[in-house]
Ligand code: MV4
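So this first bit is one chain, no partners, the form predicted on its own, shown in structure tokens.
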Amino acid sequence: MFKRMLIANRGEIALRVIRACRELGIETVAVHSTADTESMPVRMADRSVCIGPPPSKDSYLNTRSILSAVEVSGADSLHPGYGFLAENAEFADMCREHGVAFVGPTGEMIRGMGDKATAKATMRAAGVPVIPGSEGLLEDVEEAARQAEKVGYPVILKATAGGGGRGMRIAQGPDDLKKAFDTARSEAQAGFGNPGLYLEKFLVKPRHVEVQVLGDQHGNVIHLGERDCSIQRRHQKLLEESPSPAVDEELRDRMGRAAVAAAQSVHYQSAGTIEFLLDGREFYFMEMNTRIQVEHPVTELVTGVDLIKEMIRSAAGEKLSIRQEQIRLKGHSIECRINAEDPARNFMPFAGPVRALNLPGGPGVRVDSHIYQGYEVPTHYDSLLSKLIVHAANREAAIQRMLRALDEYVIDDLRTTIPFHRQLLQDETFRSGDFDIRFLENWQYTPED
């Protein structure tokens, strides 16, 4: 097992990794910008290293600063959390070249699944269902038109290096295609430095359902059930739950076996997520996230498996501590992302001091957060303040428990998404479980008095 681990991230995920390391007896090193000097991860870690002011190049994305921090701290391993460097294949390679264990997949695995067009080809070869569309990158708009006629309109054009909804455009018919192609290509070049596009059949009312997988260096790969992430705004997830209200045992088994086949096809090790679009009883591979996900706690609560510890064990060369036949989903879990955003003002980000704070508690309530009373929410980073997660015997009980927890959650002097979640959880359509990824496009938040 490792002796000292550097966490190359910030916020609640850095604190989450620190806690897992402490239980495993691993010393921790927190890197931080000057804006995060007083952050909870810095306070909780055994050591800390300042890597520069935000949002300059000398902060969390500067690989040289990170590796320098590894050297001066004497860390033998590095956990990238999620985002930032977690899916940077070159950085994963650099860590290993410097003799530092990267807690995650290899650079080769990240590359194999990071390019969406390549990943789709890999999935086809592995027998995993994929959405009908182009088998590679589109050379020009004429090829896009041929592919669109083949699969049928509407179609969606996607950046091969994209994410977060950027570089994506829908064409309802032939008249829309050229404009959609040109816009998506321009966004892809500007946002990712890669203009490559591919085309897929556009599913009108799918759900976003993802399957958690774990692999080790000994060839073992298992799945831990699914999460429903269909509650999204502009392709950004706001609420996740496990299990999905649209998935039964037979469908779960099919999706799980497909997810394991997908991971095995790239000899995957560490935690990862296979994302599917679910259309009725049929599902299609969308992409693989080669890292831990923001929403991983709902899987932990329904399975009882600590995913961060399993990642660390895998990186240390140990076998997974559980087998597939030991995985049983128990009860229902829901996660609400509490962001410093004003839902009454189109989710405008908020920054400032936390003057008063009361975190919810009681049976079945978990809060993953890095904030505290007196904490100053910075303007330089994303707006996630905490993740509020509940677990109960069934979905209805979990909804009621989450409503209770939201009522207990108090953050003074900051606008947050708490009232949004409170309204959403009381919506009849949401409570019925009959919704898709476009549910929020037609749902109106009403500001509370």
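Residue numbers here begin at 1 and follow the sequence given. Just so you know, these numbers come straight off a predicted model, no measurement behind them.
Heads up, the form predicted in complex with this ligand isn't pictured, but that's what we're talking about next.
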Would you mind picking out the stretch of 345-353, 285-293, 79-87, 312-320 that comes within 4.5 angstroms of this ligand in the predicted complex, counting non-hydrogen atoms?
285-293
Going by heavy atom distances of 4.5 angstroms or less, which of Ala145, Ile131, Leu137, Val221 would be at the interface with this ligand in the predicted complex?
Ile131
Let me know the one among Ile327, Leu251, Leu357, Leu277 whose heavy atoms come within 4.5 Å of this ligand in the predicted complex, would you?
Leu277
Indicate whether this ligand has at least one heavy atom within 4.5 Å of a heavy atom of His235 in the predicted complex.
yes
So, His370 and this ligand: in the predicted complex, are they within 4.5 Å at any heavy atom pair?
no
Whether Arg337 contacts this ligand in the predicted complex should be assessed with a 4.5 Å heavy atom distance threshold; does it?
no
At 4.5 Å between heavy atoms, is Leu203 in contact with this ligand in the predicted complex?
yes
